[in-house]
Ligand code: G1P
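The data below hold one chain only, encoded as C-alpha cells and taken in the form predicted on its own.
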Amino acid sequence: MQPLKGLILSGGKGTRLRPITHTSAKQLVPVANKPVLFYAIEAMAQAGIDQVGIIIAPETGDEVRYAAGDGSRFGVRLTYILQEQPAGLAHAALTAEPFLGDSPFVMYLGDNLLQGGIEDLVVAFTEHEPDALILLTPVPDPENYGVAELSDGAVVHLVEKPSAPRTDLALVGVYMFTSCVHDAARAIEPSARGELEITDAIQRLVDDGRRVEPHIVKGWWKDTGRLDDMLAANRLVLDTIQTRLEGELIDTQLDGRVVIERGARLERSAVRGPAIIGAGARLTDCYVGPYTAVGEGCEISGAEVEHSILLAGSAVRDLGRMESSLLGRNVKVGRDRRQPRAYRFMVGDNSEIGIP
C-alpha cells in the first residue's frame, strides 16, 4: 500500500456553537487551551502521516491558515483546500481529490477528539488493506449520527441520521479510504439536505462488493460541536495532564494536577486541578475549580470558576460562582456595583444566559 495522506475537514459553519462561531472557526475553539484542530494534526503526525490537506471554508479559511501555518511545528506539510460550500463529507473528499491523487488516506473531522490517536488504526488499515475502514462506537442517541449495521462482523448497511435507528453504532469522525472512494462519491446523489453524505459513499462501496472493515472504538470519542460536548472533551483532556508550573504564585494554593503557563500570575488564589492557567493570565482573590481551562491573558478576580473554558483575553470579576460555561475571546463578565442595581447586557445572536 502507498504511504497514507491525511485529510482534515475544517469547514462548516459551526451553528451549534454560536455565538462563539460567529467570529471564529469551530475547529479553533480550544480544549485544554489547545485548538481542537491541532489535536487532529498531531494525531496525523504521530501516525507517521506527513502530507496533510485541510479543507477550509471561505469564511474561516484565513483564520485556520494563520493558526496552523505550514505545519512545520507539527512535523507535517499542510496543504489548504478550499471548499466553497459545505456540501457534505463525500463532497469534501472529491474536492480534495487533486491533492490526494491515488493515495490511500485518513479523513479526520477537525472538530472531533479521539482518545489514543490513530496509530493503531493506521497499522490495521495498512496491514489488512481493506477498501475502507470505519470507526464505530455505541451512543445513546444514534439518530444524531451516521449509523452502521453489521452482520458477522462485516458492514452491511449505513444511514445518515436515521429517524428510527436499527443499531446504536455511530460513525466516529475518522475514516480510512483507498482512492476508490472518489468513484463511489461521484456515483451517489445528494441527500434530502442537499449534501453528498459519506455514509452513502461508504454504502456504495459495500454495494459494489468492496471490503469495508469496522473498528469499534474502545476509548472515548467526542464530537465537540456543542457546548456540553466541548466541556466534556475539556474534562477528558484535562484528566491526562501532568503538573507544570512556569508562572508566579503569591500566597496561592494548588491542589491536584495543575498547569500554570509562563507569565501567569496568581495572587491570594486557590486552584484545584485538573486545571490549566494560560500564559499571561492574572488570577487574584479567586478560586478556580477542577476541569477549568483559563486561556492566555485572561483575568479572574473576586470570583469562583469551575468546569469552564475561558478563551484568550476574557475576564471574570466580582461574580460569585460561574460553572459549566464557555466564554469567547475578550468577553467581560462581572457585577456592576452602581445604583440602582440592574442587569446590563450586550449579547449576540444565539447566546444563552442563565441567572440564578
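The shown structure was predicted, so the numbers you read here are calculated from the model rather than taken from an experiment. Residues carry their position along the shown sequence, with the first being 1.
Below: the form predicted in complex with 1-O-phosphono-alpha-D-glucopyranose (G1P), not depicted.
Asker: Might residue 125 be said to contact 1-O-phosphono-alpha-D-glucopyranose (G1P) in the predicted complex, defining contact as any heavy atom within 4.5 Å?
Answerer: Residue 125 lies outside the contact set for 1-O-phosphono-alpha-D-glucopyranose (G1P).
Asker: Going by a heavy atom distance of 4.5 Å, is residue 277 a contact of 1-O-phosphono-alpha-D-glucopyranose (G1P) in the predicted complex?
Answerer: The answer is no: residue 277 has no heavy atom within 4.5 Å of 1-O-phosphono-alpha-D-glucopyranose (G1P).
Asker: Even though the partner isn't displayed, in the predicted complex is residue 265 close enough to 1-O-phosphono-alpha-D-glucopyranose (G1P), meaning a heavy atom within 4.5 Å?
Answerer: Looking in the predicted complex, residue contacts with 1-O-phosphono-alpha-D-glucopyranose (G1P) do not include residue 265, since no heavy atom lies within 4.5 Å.
Asker: How about residue 193: is it within 4.5 Å of 1-O-phosphono-alpha-D-glucopyranose (G1P) in the predicted complex, going by heavy atoms?
Answerer: Result yes; residue 193 sits at the interface with 1-O-phosphono-alpha-D-glucopyranose (G1P) in the predicted complex.
Asker: May I ask you to choose, among 93, 171, 260, 132, the residue with a heavy atom within 4.5 Å of 1-O-phosphono-alpha-D-glucopyranose (G1P) in the predicted complex?
Answerer: Of the listed residues, the single hit is 171.
Asker: If you check 74, 99, 80, 221 against 1-O-phosphono-alpha-D-glucopyranose (G1P) in the predicted complex, which one has a heavy atom within 4.5 Å?
Answerer: Selected residue: 221.
Asker: For a quick test of understanding: in the predicted complex, does each of 105, 177 and 186 have a heavy atom within 4.5 Å of 1-O-phosphono-alpha-D-glucopyranose (G1P)?
Answerer: No: no residue has a heavy atom within 4.5 Å of the partner.
Asker: Tell me which of 267-275, 142-150, 237-245, 205-213 has residues with heavy atoms within 4.5 angstroms of 1-O-phosphono-alpha-D-glucopyranose (G1P) in the predicted complex?
Answerer: Among the candidates, contact is made by 142-150.
Asker: Across 103-128, which residues bring a heavy atom to within 4.5 Å of 1-O-phosphono-alpha-D-glucopyranose (G1P) in the predicted complex?
Answerer: Stretch hits, in order: 109, 112.
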